[in-house]
Ligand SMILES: Nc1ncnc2c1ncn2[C@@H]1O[C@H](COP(=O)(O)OP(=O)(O)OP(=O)(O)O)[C@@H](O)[C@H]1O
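Consider the single chain below, provided in structure tokens and representing the form predicted on its own.
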Amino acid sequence: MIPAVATPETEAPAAAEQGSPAVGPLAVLRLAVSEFRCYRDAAIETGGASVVLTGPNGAGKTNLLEAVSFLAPGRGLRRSGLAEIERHGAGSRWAVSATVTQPTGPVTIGTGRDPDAGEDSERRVVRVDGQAQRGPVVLGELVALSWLTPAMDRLFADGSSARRRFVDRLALGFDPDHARRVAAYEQAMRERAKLLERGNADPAWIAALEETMAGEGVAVAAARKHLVERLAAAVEEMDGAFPVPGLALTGELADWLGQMPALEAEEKLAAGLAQSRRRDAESGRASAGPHRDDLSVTFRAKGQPARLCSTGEQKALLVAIVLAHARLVAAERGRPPLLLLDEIAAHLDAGRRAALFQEIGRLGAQAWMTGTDELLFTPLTGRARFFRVAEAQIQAR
């Protein structure tokens, strides 16, 4: 039977004792899930310390990180459909509940698949301290987080869409409204494509969608560009354990924003969309816009594109970016984001693992880390809470 609450027998020091910002760290004090993936019911109490989950592959470790990821806007770290998350044979819809620290005191966040919607519904409901919210966007005001998963090991080698999502997730740490702008742009782009395919739509209707695409699209590209430029400056301050990545946002809109005011870029994009309607109708997609942005990453010391680096070097570059982002969020919001680090030790040598753990402590960040070998996390003994996960059961170490 899955334990109702897994708690450690010994107390780990509070995150505030690890050098957290003055307002106190952002931390999940308690996480509970029901009908979530392999879990019928389970809960973990952390005391605000970082969390280490160890156990065999397939035990349910990543599922707990995914549950934490739903405390922020978006589709979670796996980007799964909400119906896919439900435990096989579940008698009700999945739900996640967490007590999360805030500057004014702890709040309780509840979220899950809408129990009143249809069987195929993808609607997510959110409650904060028991009060229903209009949607997940409100979570961006309460929780900032970023994650690294094994699926991201190919981030530099795969297509640009994954890199755009990576940048957008990091941008949410500074501007919770960024997700709304991305969604508004993509919806307008899809509706325009449908109208162009139909061939006889009202030109005024199409023009209105293009105006939306121009306004929201330039705002999205500007936020991405500003974030990447800040990250490029922040990685210069890395202590040397991780390589310094060269970072740049590439794309037509990014180039325009380096040459002209945002309003002029909006007008130029709207005009370009109007002129390319016939071509876009044939191709089925818009020929210009932030959906063509990309993140360029190089191993600067080698002058080599990240996609050509070794697996270990690529992992180190990703860690460097995530740590730089956490440092920026801490400076702007007064506390770092939650860090979800799945199988983080897999491609880091002992020196880089030690540097990562040291930086987490220096930031005062709460990190949720998974791995198959508990010994790799030995430097965190006394500073994090350890749990063993096996066959969807959680046991405090």
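Position 1 is the first residue in the sequence shown; the rest follow in order. What you see is a predicted model, and the numbers here were worked out from it, not measured in a lab.
Below, we refer to the form predicted together with the ligand, which is not included among the displayed structures.
Among 81-89, 259-267, 203-211, 97-105, which stretch sits within 4.5 Å of the ligand in the predicted complex, heavy atoms only?
-> Within 4.5 Å of the partner lies stretch 81-89.
Looking at Leu328, Ala346, Leu29, Ala59, which is the one with a non-hydrogen atom within 4.5 Å of the ligand in the predicted complex?
-> Only one option qualifies, and that one is Ala59.
Taking heavy atoms and a 4.5 Å cut-off, does Arg352 contact the ligand in the predicted complex?
-> No, Arg352 stays farther than 4.5 Å from the ligand in the predicted complex.
Thr46 near the ligand in the predicted complex, any heavy atom under 4.5 Å?
-> Looking in the predicted complex, residue contacts with the ligand do not include Thr46, since no heavy atom lies within 4.5 Å.
Partner contact for Asn63 in the predicted complex: the ligand, 4.5 angstroms, heavy atom = Residue-level check for Asn63: yes, a contact with the ligand.
Check whether Arg37 has any heavy atom within 4.5 Å of a heavy atom of the ligand in the predicted complex, and answer yes or no.
-> Yes - in the predicted complex, heavy atoms of Arg37 and the ligand come within 4.5 Å of each other.
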